[in-house]
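The chain that follows stands alone, in the form predicted alone, written as structure tokens.
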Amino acid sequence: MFKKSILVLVAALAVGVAYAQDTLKKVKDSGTITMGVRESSGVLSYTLGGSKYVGYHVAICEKAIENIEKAIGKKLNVQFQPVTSQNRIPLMQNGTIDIECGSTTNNATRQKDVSFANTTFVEEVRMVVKPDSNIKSIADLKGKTVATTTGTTSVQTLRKNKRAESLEFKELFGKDHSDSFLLVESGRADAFVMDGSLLAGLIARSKNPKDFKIVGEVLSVEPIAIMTRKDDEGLLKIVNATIAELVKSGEIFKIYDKWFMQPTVPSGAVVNLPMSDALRNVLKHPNNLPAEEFAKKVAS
């Protein structure tokens, strides 16, 4: 399925193209590739315990790694390295991880430090609350405690929203998404502002899903993508070729359906989040535009 695309990539490598960051050489020499994964990023990337990680983006990265192996002519030992919103970029820069397959928003600031493959998920930032909270919109957050995850941009996005101008609320930070969700679950926070898919996944896997609901205006529409080291063109070409072939064959839609519309391991919970028109469009017209440009394109 991927043979033609990979042969083209191998040919490009053979002519001696110089790359600022050559992960392909690194992993070929070491025999190991390290995938950065998240422990609780909805069904994009999460842990089953121990060293087992699964999810929509993990599945796409596993397909990319198969093609990396074909390109370098060597079977690789795949290691999973859990990362957080705070350390994912430093761990990419210092070589601890080779490819990051979590829930990272591609934005202009991050593009100064790392590179992104073409967009594979489009996120809508919203908030989760308890049904009896009486919070239905941004205006209802006045005087409330809002949870978010350290190292993410969600509360910044909230504060930039016109409806939040002059709105006073307290911020409470969780170390990861599960911790932030727990702040609402335990009553220490009134709302958790985060990517809608992550919120839906956390609700689906909670003890009592009916105790939570996603409410409020869409705060932003953001492109989520697989991350690599800055200017790592060799690896990016393989990842983007993999994504293109998954779209062409229709397999990416099956992968999406498995994680967002079918019972997920280990609990059997269903996120029930149909693929958005925005994601269908970006898969049809691939790009790695940062959030700032992507939002303008979606709005136009």
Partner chain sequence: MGNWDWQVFCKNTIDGEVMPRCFGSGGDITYLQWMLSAWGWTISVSLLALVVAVVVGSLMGILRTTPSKTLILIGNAWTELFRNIPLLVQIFLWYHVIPSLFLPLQKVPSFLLVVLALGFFTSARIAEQVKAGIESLSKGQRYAGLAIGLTLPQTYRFVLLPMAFRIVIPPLTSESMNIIKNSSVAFAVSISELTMFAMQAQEETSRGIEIYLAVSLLYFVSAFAVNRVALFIENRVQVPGMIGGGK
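What we label the rigid core is the largest C-alpha set whose atoms superpose within 1.5 Å from one form to the other. Positions refer to the first chain, counted from 1. Quick caveat: nothing in here was measured; it's all calculated off a predicted structure.
The form predicted in complex with its partner chain exists for this protein as well; it is not shown, and the discussion that follows is about that form.
Counting only heavy atoms and a 4.5 Å cutoff, which of 120-128, 134-142, 195-203, 164-172 contacts its partner chain in the model of the complex?
-> Only one stretch passes the 4.5 Å heavy-atom test: 164-172.
Any of the heavy atoms of Asp179 lying within 4.5 Å of its partner chain in the model of the complex?
-> Because a heavy atom of Asp179 falls inside 4.5 Å of its partner chain in the model of the complex, the answer is yes.
Would you check, heavy atoms only and a 4.5 Å threshold, whether Gly151 touches its partner chain in the model of the complex?
-> Judged by the heavy-atom cut-off of 4.5 Å, Gly151 is in contact with its partner chain in the model of the complex.
Evaluate Leu183 for contact with its partner chain in the model of the complex, applying a 4.5 angstroms cut-off between non-hydrogen atoms, and reply yes or no.
-> Contact with its partner chain, yes.
Do Lys213 and its partner chain share at least one heavy atom pair within 4.5 Å in the model of the complex?
-> Result no; Lys213 lies far from its partner chain in the model of the complex.
Does Asp190 move its CA by 2 angstroms or more between the shown form and the other one when the core is aligned?
-> Asp190 C-alpha, core-superposed: shift of 2 Å or more.
Exceeds or equals 2 Å, Cα of His177 between the shown form and the other one, core fit | Result for His177: yes, a 2 Å-plus shift.
Core-superposed C-alpha of Met227 shifting 2 Å or more between the shown form and the other one = No, the C-alpha position differs by under 2 Å between the shown form and the other one.
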